[in-house]
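Single chain ahead, by itself, as structure tokens, in the form predicted on its own.
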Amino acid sequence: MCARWFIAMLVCLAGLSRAPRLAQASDAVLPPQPFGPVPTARQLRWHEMEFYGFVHFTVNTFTDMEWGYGDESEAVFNPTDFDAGQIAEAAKEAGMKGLILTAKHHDGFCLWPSQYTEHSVKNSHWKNGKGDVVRELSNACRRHGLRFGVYLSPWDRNSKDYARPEYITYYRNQLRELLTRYGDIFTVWFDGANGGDGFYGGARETRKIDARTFYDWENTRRIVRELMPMAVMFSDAGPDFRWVGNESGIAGDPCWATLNVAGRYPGGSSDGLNLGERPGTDWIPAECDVSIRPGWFYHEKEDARVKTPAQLLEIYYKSVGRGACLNLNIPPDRRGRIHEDDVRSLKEFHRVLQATFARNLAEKARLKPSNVRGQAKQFAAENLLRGDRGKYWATDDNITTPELILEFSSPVSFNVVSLREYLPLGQRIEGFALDRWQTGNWVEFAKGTSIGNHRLLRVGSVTADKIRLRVTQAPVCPALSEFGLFAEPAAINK
């Protein structure tokens, strides 16, 4: 009897001496409820890409123009050494996840042999009219593990039917060609330029349209949803992602992923696009589009004006690092290849990014969160260090401003901080701050508002053995999927 009592006491004391147990997933601690608008599956796939490229290539490349008038001879298009593999390889080596080709720009020239117009590659001298740029580049992208998308300009300065009802049938027929002949399309990019002077089948006149009604966007977009359900669509205000309001590649700070869509239309007001709108009625995140050169199409006179690796890094941190996706234009030259100057800058830019994010210094830390949701393992702070977007740290519903301390056995030095929210639950955090432990006190070294898909902060050189993350404002409990500390190399080759 006494022996049994003694053993029971030992078991009880052992239980009291242990730290509070983290509950297993089987303990059924419920996840937080989503807050506000949330992304669709297709938007989540797009968010994960973060960085992809534009390929502006058409008759303008050979006429040294930015916007063709629509009267260019098909014979003008004649690249001397077109190499879709080289273009895709340049994008891959830059760290891009996909490419978007200007299948048809405002001049109306089609880079595929469309059966609905004579103004296409089928009447060019290139490959004796047997070539198909869309096919070659889409195939090259897949060989290099890149996604492929298409830009199809709604404005067509060549078509005799532009601004007439017949044009909508023409445009939709071309859209169907692109969505049924070239495999998976990750995006369809609808430009906001609409109407003006043009060739228009020889009329040589100015034609105006009402962008709110002429294209009947609801039914045009329905074609994309039917034929390519996972494709995201761009226009100034969505429906899947929005223009950031400039062509310099710079997102606002903050840059909310939400927008109030009611009353907006392609080509309409750009109010609110750069910063987003909080609270917003719809999940319409921003894309930052910018060219590696001053122009969108290749011009030999701009060879000495290619953006440097340092400039590209600055753009990256102010686009991807503010929760947007970066769409960087890399225009092929008259050979049909990415110019050596562009390739050189892209490679060095990517080398620095790879060196910066090769190692998360936070992985060496002991994590001390102020709260873990239901003390459950599936919501533990360690999820922040797994590099898995599907895992996240969350707190109890009534804990909206928690903190997390990282303790290191010896001081670490870093200059970049990375944060991500768990997007399926919406954009939840409205304010955060970062502190370092210095001479016995916490000293703030950075703060911000929106996080969303990705927040990158260049913070100067910070060395400390303790770092603290504070959520300073949130309407609901946070759900964070990444907290990283990284060291960007000091030297960047120009």
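Numbers for residues come from their place in the sequence shown, where the first is 1. Note that the coordinates shown come from a computational prediction; the quantities given were computed from them, not determined experimentally.
Keep in mind the form predicted in complex with a small molecule is missing from the figure; the text below concerns it.
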Counting any heavy atom within 4.5 Å as contact, can you tell me which stretch out of 48-56, 463-471, 434-442, 448-456 lines the small molecule in the predicted bound form? 48-56
Name the residue from E205, D81, D216, E247 that puts a heavy atom within 4.5 Å of the small molecule in the predicted bound form. E247
One residue of W283, W189, F349, F148 in contact with the small molecule, assessed in the predicted bound form (non-hydrogen atom, 4.5 angstroms): W189
Look up in the predicted bound form whether H105 has a non-hydrogen atom within 4.5 angstroms of the small molecule, and give yes or no. yes
Any chance F62 has a heavy atom within 4.5 Å of the small molecule in the predicted bound form? no
Mark A193 yes when one of its heavy atoms lies within 4.5 Å of a heavy atom of the small molecule in the predicted bound form, and no otherwise. yes
Check E72 for me: does it contact the small molecule in the predicted bound form (non-hydrogen atoms, 4.5 angstroms)? no
